[in-house]
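Take a look at this one chain, the form predicted alone, written out in structure tokens.
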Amino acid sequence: MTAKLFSPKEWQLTLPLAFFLHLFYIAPLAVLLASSFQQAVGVPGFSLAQYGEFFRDSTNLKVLTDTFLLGLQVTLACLFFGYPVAYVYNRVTGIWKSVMTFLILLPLLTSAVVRTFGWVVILGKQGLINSALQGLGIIPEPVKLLFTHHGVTIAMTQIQLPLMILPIVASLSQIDSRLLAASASLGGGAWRTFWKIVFPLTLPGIISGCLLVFAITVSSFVTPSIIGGGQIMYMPTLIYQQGVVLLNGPFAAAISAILLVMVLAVVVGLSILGQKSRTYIR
């Protein structure tokens, strides 16, 4: 006897959510994309002038490149620091697991604005990093970290780190401990077991974490604006400048569409990589 997945009444329960998503997400996105094809503000008709203006300006291309590099660097840094934390979290027990849970989730419980201003204090010329380096005699004078691309990368890495750790923790928790015992019984050392069993099985979590971190990083406005101090321009800042300050709605919409395409390209690429990783695991 074959059971139906959804009865007609159950399917109708999804209508309010579908209506909500179309009204407050799909419709505004369609309006945004339509606006990006306008010749100018208030001028009807189809035109690629806004996109042409964006790609003809080398400054805009630099902003696009810097935004992509920021997302890539923050994603790799979060993976580099987050994977060991997730691995240790999966192995500890008792009170230490509770402590690590609190420390991992703590950044998510604090406003991004508060965390960002905390990094302003840390990265300043008289901040904790420069004071520590000077105190140890590593540098003779303060290094400029605030209002630089490197400063934004450091701050964004700390802010986005939980979004990388949590998916990896979920993947690690699903690994059958019998696989590790079987590897050890067959003579596999700790590193060989990690690279041949543990790491491949956590690839879905790694890819999910990379998707989250990259997408949120390249679309962040508050932290890059405060840490960058207006001296470094990224795509969200450029969108704000064109749409709110200069009131150039069609150009701001075109920039938003380009940012959306960049994020979707990375999402599709990582999704394909995820599919291949699942095939490899099987």
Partner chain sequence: MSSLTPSLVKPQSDSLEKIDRLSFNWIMWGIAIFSLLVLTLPTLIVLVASLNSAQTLRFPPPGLSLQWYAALFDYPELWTAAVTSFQTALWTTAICVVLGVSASIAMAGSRARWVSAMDALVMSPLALPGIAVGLGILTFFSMIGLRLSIITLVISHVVICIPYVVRTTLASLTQLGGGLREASTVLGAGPVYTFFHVTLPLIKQGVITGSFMAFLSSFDNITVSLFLSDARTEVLPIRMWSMIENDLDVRAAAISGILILITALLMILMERLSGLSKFLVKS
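For clarity, every value in this text was computed on a predicted model and none was experimentally measured. Numbering follows the first chain given and starts at 1. Under this definition, the rigid core comprises the largest set of C-alpha atoms superposing within 1.5 Å between the forms.
Absent from the display: the form predicted in complex with the partner chain. The rest refers to it.
Using a 4.5 angstroms threshold between heavy atoms, residue 259 counts as touching the partner chain in the model of the complex.
Interface membership of residue 51, defined by any non-hydrogen atom within 4.5 Å of the partner chain in the model of the complex, is ruled out.
Among residues of the shown chain, residue 16 is one whose heavy atoms approach the partner chain to within 4.5 Å in the model of the complex.
Contact annotation for residue 135: none of its heavy atoms lies within 4.5 Å of the partner chain in the model of the complex. Proximity to the partner chain in the model of the complex, taken as a non-hydrogen atom within 4.5 angstroms, holds for one residue of 201, 143, 122, 72, which is 122. Contacts between stretch 145-167 and the partner chain, counted in the model of the complex as any heavy atom lying within 4.5 Å, involve 158, 161, 162, 165, 166, listed in sequence order.
Once both forms are overlaid on the rigid core, the distance between the two CA positions of residue 261 between the shown form and the other one is under 2 angstroms.
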